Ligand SMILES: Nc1ncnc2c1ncn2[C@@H]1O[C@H](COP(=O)(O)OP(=O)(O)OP(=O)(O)O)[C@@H](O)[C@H]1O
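First, one chain by itself in structure tokens, the form predicted on its own.
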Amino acid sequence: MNKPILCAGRLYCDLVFADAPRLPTLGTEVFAPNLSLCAGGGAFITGATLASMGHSVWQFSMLPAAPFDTLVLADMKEHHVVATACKPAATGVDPQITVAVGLQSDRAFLTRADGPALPDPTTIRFSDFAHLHIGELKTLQEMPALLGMAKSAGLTVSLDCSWQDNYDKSAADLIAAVDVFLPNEYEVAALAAVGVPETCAPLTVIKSGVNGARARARTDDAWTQSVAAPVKVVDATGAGDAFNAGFLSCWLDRAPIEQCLSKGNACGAAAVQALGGAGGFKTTGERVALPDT
């Protein structure tokens, strides 16, 4: 694949508190032994992981407001994610920040998302790219024209779900129009509760954390399952986004689904062994190599 991959979605500065003994509760204080500040958001973490495996990746996002834009741009450069298509936040927009609190095997987020997620899509020449990955369903709901523009230019499209408190059945039409949909167990259950079929996309890939992942084409009768190898969890932030990159790296090369799932699990495992969503992918190496099957 010679053309770059375009990753679109909200771009944050992540403040990641790792190894917390518990989540904060009202009236109490929790002290975490580790903290990292880094670029975040599903689209970026997937893109940084793809870049670590040798893919050319562009980010299409609004930058967090100053002073966090400088930190995020430096992190994007370090991860070899091209920021040319990103635009600065408008005057008066709050910084886009996510506070992540990581426990032993999972994490919780508190996020401020202000202003639009994406710049004007007419500033992008979609025909310059091979594939569009959208980091969260909400971004596609905010800008559904993005899908048509990408498809008209011949791109394949993948979509992560990302958590919402207010999923709507109308999301089914957007999900059905992408090529690959990549929710986790919590998200697919919440979508099903409002009437979105579990396999309405042409290919649905459900991430199950320590239990691995499973995939099923809309026309298939059964799921293909892949078990994850156990690893020591340092920070679970971005594990699902890193999984997306591993899966898509193989899927774009038309590899068998079993191999796509294995690569996704390997990238997810590498992600949880370092602080920050993309902390395990600053260089290419054995940590993201496809495991023996």
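Just so it is clear, the structure is predicted and the values come from calculations on it, not from any experiment. In this text, residue numbers run from 1 along the sequence as written.
The next section is about a form of this same protein that is not shown, the form predicted together with the named molecule.
The listed set 52, 59, 265, 249 contains one residue whose heavy atoms approach the named molecule in the predicted bound form to within 4.5 Å, identified as 265. Under a 4.5 angstroms non-hydrogen atom cutoff, the named molecule in the predicted bound form lacks residue 260 among its neighbouring residues. Shown alone here, residue 269 lies within 4.5 Å of the named molecule in the predicted bound form, counting heavy atoms only. Of the heavy atoms in residue 127, none are within 4.5 Å of the named molecule in the predicted bound form. Taking the partner from elsewhere, residue 199 is found to have every heavy atom lying beyond 4.5 Å of the named molecule in the predicted bound form.
Picking from 118 to 126, 85 to 93, 164 to 172, 210 to 218 the stretch near the named molecule in the predicted bound form, with a 4.5 Å limit on heavy atoms, gives 210 to 218.
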